[in-house]
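To begin, one chain is listed below as structure tokens, in the form predicted alone.
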């Protein structure tokens, strides 16, 4: 798979503040990558470095073959960017705003205006942006970022202010773009939204990359327990299954469910024991560690590392 972005040992200092510290990674064509971390972890700084809006203190960045720090911007027309806080001329209409950005990127206005319908602003396209709600301005920002079918799409908290239906539409759009070959780097605090959608996760903490991999890969590294929830026929109030391994964390939920925390190598054995116990298993859920839990684990691990 072709690499579109190379970040090599990049650091960015603001006086005594180290915003990014020796970060390296590659982004590849068709990847949908989640960039997560607390406020001030360096996520937005990394995006600005990729855009050439700021220069690294050390290290190097290459985006679509260009070095943004050296003023090489030939590939900028193939970039899409949605900042965390969008700002547009309040006196322009939605159509006028998108037409302006289309001309800047040397794309046809007609193709850009079609994006207004895609983000749910077709009916409001002739209204002035000053009358738009925060969610509507966010949708306009997304449409602006999508002009020209970008090869690299950088999205900083893109679903802020969007209702659930439009969030779903947003993810359908970017998943389609990724399937067509666009590299998507998405920064968000909405981890539950990303869990089933991102093919890869980069976790930042205080400017340092502390984890990088697929959700399944991070689960294998973290070795956090899997929750197994069982509804077992004939189990009395407060009773726990007799087949549970000694010391296995277990509790009752809602008076009738048993929740067991299973180590990664215990899952199959526990399920065999449950089905062979002679009591019917009426329902079963297997809940692997969530992205929220993985994120908390890697941050705790980073804080313990000298």
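Residue numbers count along the first chain shown, from 1. Being a predicted model, the structure only gives us computed values, none of them experimental.
The following text describes the form predicted in complex with a small molecule, which does not appear among the structures shown.
Should residue 68 be counted as a contact of the small molecule in the model of the complex, where contact means heavy atoms within 4.5 Å? Outside the cut-off, so no.
Is residue 189 one of the residues lying within 4.5 Å of the small molecule in the model of the complex, judged by heavy atom distances? The answer is yes: residue 189 has a heavy atom within 4.5 Å of the small molecule.
Within 4.5 Å, heavy atoms only: does residue 19 come near the small molecule in the model of the complex? Contact check for residue 19: yes, within 4.5 Å of the small molecule in the model of the complex.
Please run the contact check for residue 212 against the small molecule in the model of the complex: heavy atoms, 4.5 angstroms, yes or no? No, residue 212 sits far enough from the small molecule in the model of the complex that none of its heavy atoms falls within 4.5 Å.
Of 256, 38, 267, 55, which residue is found within 4.5 angstroms of the small molecule in the model of the complex when only non-hydrogen atoms are counted? The residue from 256, 38, 267, 55 that makes the contact is 38.
172, 195, 84, 96: which sits within 4.5 Å of the small molecule in the model of the complex by any heavy atom? In short, 84.
Tell me the stretch among 274-282, 235-243, 40-48, 58-66 that has any heavy atom within 4.5 angstroms of the small molecule in the model of the complex. The contacting stretch here is 40-48.
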